[in-house]
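Just the one chain here, laid out as structure tokens, in the form predicted alone.
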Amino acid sequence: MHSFGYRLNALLTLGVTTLALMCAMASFSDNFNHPSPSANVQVMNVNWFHKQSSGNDEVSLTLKISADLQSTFTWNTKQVFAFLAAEYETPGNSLNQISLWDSIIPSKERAKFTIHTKNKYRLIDQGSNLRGKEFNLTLHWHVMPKTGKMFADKIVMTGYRLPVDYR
């Protein structure tokens, strides 16, 4: 009745349609997960704070980062990308963001951590706007699913201030 080509086409169409439906259901099921991560960051030390020869302020910090991102993991989570950013205002810009540290978290078991580290990336301001500056430390995370759309969120921690004088 039907040739081999027609039967193969019908089988492949059924398989691809079933796979697409399963991926859509997996992506939809992530909407029911409401993560409640927690984080705490302490500035343990200002290692140095100076003005570069180009006139820009540069700071090195020692940080203690504690976070529990386990609730961001579901059966559909491939990995979570997390980064810590310093955020502050200057007369020229209402929001300045500088990434200080980042990490790829591959599993739920590694999503609860405490680390002591120096800032991985330089905290440099274009100009001399950092002396005595108040800033926020914000832990951002991006959940990368196996299928579906990425999800991103953050926790803002306020109340940090840089020294008034260079060291």
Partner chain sequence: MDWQGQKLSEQLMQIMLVAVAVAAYVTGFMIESFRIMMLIYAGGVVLIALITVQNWPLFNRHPLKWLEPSVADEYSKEPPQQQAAAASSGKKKSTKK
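Quick caveat: nothing in here was measured; it's all calculated off a predicted structure. Residue numbers count along the first chain shown, from 1.
Quick note: we don't show the form predicted together with its partner chain, though the next part is all about it.
**Q** Is every one of W101, A152 and Y166 within 4.5 Å of its partner chain in the predicted complex, counting heavy atoms?
**A** No, because W101, A152 and Y166 lack any heavy atom that approaches its partner chain to within 4.5 Å in the predicted complex.
**Q** State yes or no: in the predicted complex, is some non-hydrogen atom of S71 no more than 4.5 angstroms from a non-hydrogen atom of its partner chain?
**A** The answer is no: S71 has no heavy atom within 4.5 Å of its partner chain.
**Q** Using 4.5 Å between non-hydrogen atoms, is T18 touching its partner chain in the predicted complex?
**A** Yes, T18 sits close enough to its partner chain in the predicted complex that at least one of its heavy atoms falls within 4.5 Å.
**Q** Taking any heavy atom pair closer than or equal to 4.5 Å as contact, tell me whether A26 reaches its partner chain in the predicted complex.
**A** Within the cut-off, so yes.
**Q** Does any heavy atom of R161 come within 4.5 Å of a heavy atom of its partner chain in the predicted complex?
**A** Judged by the heavy-atom cut-off of 4.5 Å, R161 is well away from its partner chain in the predicted complex.
**Q** Do any residues of 130 to 167 have a non-hydrogen atom within 4.5 angstroms of its partner chain in the predicted complex? If so, which ones, in sequence order?
**A** Stretch hits, in order: K146, T147.
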